[in-house]
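Listed next as structure tokens is one chain, alone, in the form predicted on its own.
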């Protein structure tokens, strides 16, 4: 029971105030029109406690859209690596995004280890937030089994009627408890109320596609020649929105930028997308995935097949961002159901 603490709702504003005095705190903030973004906050009034997935996932703090890896000076013949990071606390991370961060941790800890990513993640504290309600029609977290927390956080908040019950998962999480000095021990009644929330989620969160979680990889492995990709070929605009907002996409490009003095410059890492036309081009102008349907198929295989072979887990977390942001209205659940229909 010591793993669980209680924060009364009336003390939540003071919790954010005290926490933000010692740390940079980012949390989901409303941008209007049912859109949200992780932004720095110093008051609980700024935080959207009930929100659908943010426009960009918290991935942007672990793997920035653009970061400097090195700087060089040709005349001095120097090339110096750069390590960019900042210490911060991310509050209000939903379970789908916790799963996304876990995927990134696995990839960038694989050989060869990405030192920049690891140094950054080791300075970020994560406070998760339970989704008591279903997000919207785009979410597919239930079928991806990411609607319940599975680690990857320091503290995890679950809203009860009069309080938050908080799971303390790390020593750093205990440090936040001690720093703010507002938490009490959870009682058996609190734990029972928490069990009621979890039980209610089983009724609220339903399977959203016509195929079981364990059958997704076999289905995609048989889909190479599917007509579904021909349909996506006609619709996809190759804008890259789906990969930009995905919590597990990690493709990047390395660019050398020289200053106007033509002597000094920087080596930059920035996000890239497998949906871009030039992504799969090699010397001579040959492209391995010239058609849009081929690139869409590759994106889906990178979520439901390839990572299962290498890391034994799917790299789709069911957040629904790709469907929500697609200008061509390509819906992940509709694509999966169409493939399932073909395989019946």
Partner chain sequence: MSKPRVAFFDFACCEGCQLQVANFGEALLDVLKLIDVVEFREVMSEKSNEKYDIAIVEGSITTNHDIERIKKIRNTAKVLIAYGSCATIGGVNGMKNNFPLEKIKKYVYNKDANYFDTIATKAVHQVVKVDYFVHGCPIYQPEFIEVLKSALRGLPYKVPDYSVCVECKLNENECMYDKGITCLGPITRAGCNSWCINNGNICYGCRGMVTNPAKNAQMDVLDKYKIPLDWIKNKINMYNKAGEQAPEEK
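Since this is a predicted model, take the numbers as computed values, not measurements. Residue numbers count along the first chain shown, from 1.
From this point on, the text means the form predicted in complex with the partner chain, which you will not see here.
Stretch 256 to 264 is the answer when you ask which of 156 to 164, 194 to 202, 256 to 264, 123 to 131 has residues with heavy atoms within 4.5 Å of the partner chain in the predicted bound form. Using a 4.5 Å cutoff between non-hydrogen atoms, residue 331 does not count as a contact of the partner chain in the predicted bound form. A residue is said to contact a partner when one of its heavy atoms sits within 4.5 Å of a partner heavy atom; residue 42 fails this definition for the partner chain in the predicted bound form, lying far away. Within 4.5 Å of some heavy atom of the partner chain in the predicted bound form lies at least one heavy atom of residue 35. With a 4.5 Å cutoff on heavy atoms, residue 60 counts as touching the partner chain in the predicted bound form.
When the partner chain is considered in the predicted bound form, only one residue from 234, 212, 77, 113 comes within 4.5 Å through any heavy atom, namely 234. Only one of 135, 143, 245, 90 comes within 4.5 Å of the partner chain in the predicted bound form through a heavy atom, and that residue is 245. Contact residues in stretch 265 to 298 (any heavy atom within 4.5 Å of the partner chain, taken in the predicted bound form) are 270, 271, 276, 277, 278, 292.
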